[in-house]
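Just the one chain here, laid out as structure tokens, in the form predicted on its own.
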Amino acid sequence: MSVVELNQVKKHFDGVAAIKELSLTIEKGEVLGLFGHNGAGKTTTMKLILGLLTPTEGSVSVFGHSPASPQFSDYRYHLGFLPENVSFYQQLTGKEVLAYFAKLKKVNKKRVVQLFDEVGLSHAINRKVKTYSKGMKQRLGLAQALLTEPKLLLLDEPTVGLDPIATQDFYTMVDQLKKSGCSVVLCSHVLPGVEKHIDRAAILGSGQLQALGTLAELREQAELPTVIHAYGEINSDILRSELEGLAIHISSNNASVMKIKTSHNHKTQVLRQVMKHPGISDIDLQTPSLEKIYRYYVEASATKNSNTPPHMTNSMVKTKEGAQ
């Protein structure tokens, strides 16, 4: 049984469809990246999983039960949630805030001190929250989400306000949670750095699922090329001949650099062929990133929904990214 199941879910607000139709499952120990532009339906989806909203049509199941039903209270203990904008009592110390949540959730106070160490806030445990930076408040929010050692953790923009080191520490914690069997839904606009820590990506657009799968599957579906730069004294004519049928496109700016575009499935064969040349001094491999995959599906969705010319869609996406 899947930890989360959304089956043909629709959600309307005053006649406006926030979710048009969504079917999605999340398995035990899986980290699902939930991505999409502002208004795509990410937060609504998370609220449906939490039971804060009920679907207009379709069904939502968490741990085999409806999260909006009164009977779900017995399972809510196994849920953890970190909202995008955390807010705490400013006059309380960090320890007092977490102790308050621990009492509400019937968690041993020893867990409070342990969590401050885990999220890197031990030095500020007795400081008032009003003295915390945004990143420190985000860590405190993560600590309250982890209080009950949840089996399902929902994270909405969890790295907002975190510096690079704290961000890496956060993803290390996500990896550890996955190993323990916790399922994680990770919603973020900050795509670089995320891809190494998710099992699948779900890309939403206009309340609909535009793409779902592992990054390898999405690269293949989108037919996004892998780019290989070969440096050195290369006989371009011979290399072109050897790569016929394997390379999508080959170009060179000068005699010492060749740019080879190939499919994800053929990249290993192309690399082996390139490395046979004695004049090769260096090779650079660029696999389509999560950011490029996301851009592809967002642009495809925008083109489909508005019949906008591709070049106009591209500029619109750039504008949206700049606004974010």
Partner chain sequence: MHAIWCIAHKELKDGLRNRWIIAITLVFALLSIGISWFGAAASGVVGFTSIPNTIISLASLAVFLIPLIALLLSYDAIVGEDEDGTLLLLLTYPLTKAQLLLGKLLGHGLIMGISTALGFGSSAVIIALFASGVDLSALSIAFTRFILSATLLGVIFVAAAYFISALVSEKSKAAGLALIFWFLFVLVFDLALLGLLVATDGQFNPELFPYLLLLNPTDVFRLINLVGFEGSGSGLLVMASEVEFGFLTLFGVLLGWLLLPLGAAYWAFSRRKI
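Residue numbers count along the first chain shown, from 1. Here the structure is a predicted model, which means the values were calculated and not measured.
Here the subject shifts to the form predicted in complex with the partner chain, a form of this protein not shown in this document.
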| item | value |
| --- | --- |
| Selected contact from H264, K47, H37, R295, since only one has a non-hydrogen atom within 4.5 angstroms of the partner chain in the predicted complex | K47 |
| Among the candidates P83, G135, G232, G213, the residue which, in the predicted complex, approaches the partner chain to within 4.5 Å (heavy atoms) | P83 |
| Heavy atom contact within 4.5 Å of the partner chain in the predicted complex, the stretch among 140-148, 118-126, 238-246, 179-187 | 140-148 |
| Close approach of K105 to the partner chain in the predicted complex, 4.5 Å, heavy atom | yes |
| The partner chain contact at V227 in the predicted complex, heavy atom, 4.5 Å | no |
| Interface membership of D199, the partner chain in the predicted complex, 4.5 Å heavy atom rule | no |
| Partner proximity in the predicted complex: F88 to the partner chain, non-hydrogen atom cutoff 4.5 Å | yes |
| Within 4.5 Å of the partner chain in the predicted complex: residues from 88-102 (heavy atom criterion) | F88, Y89, Q91, L92, E96, Y100, F101 |
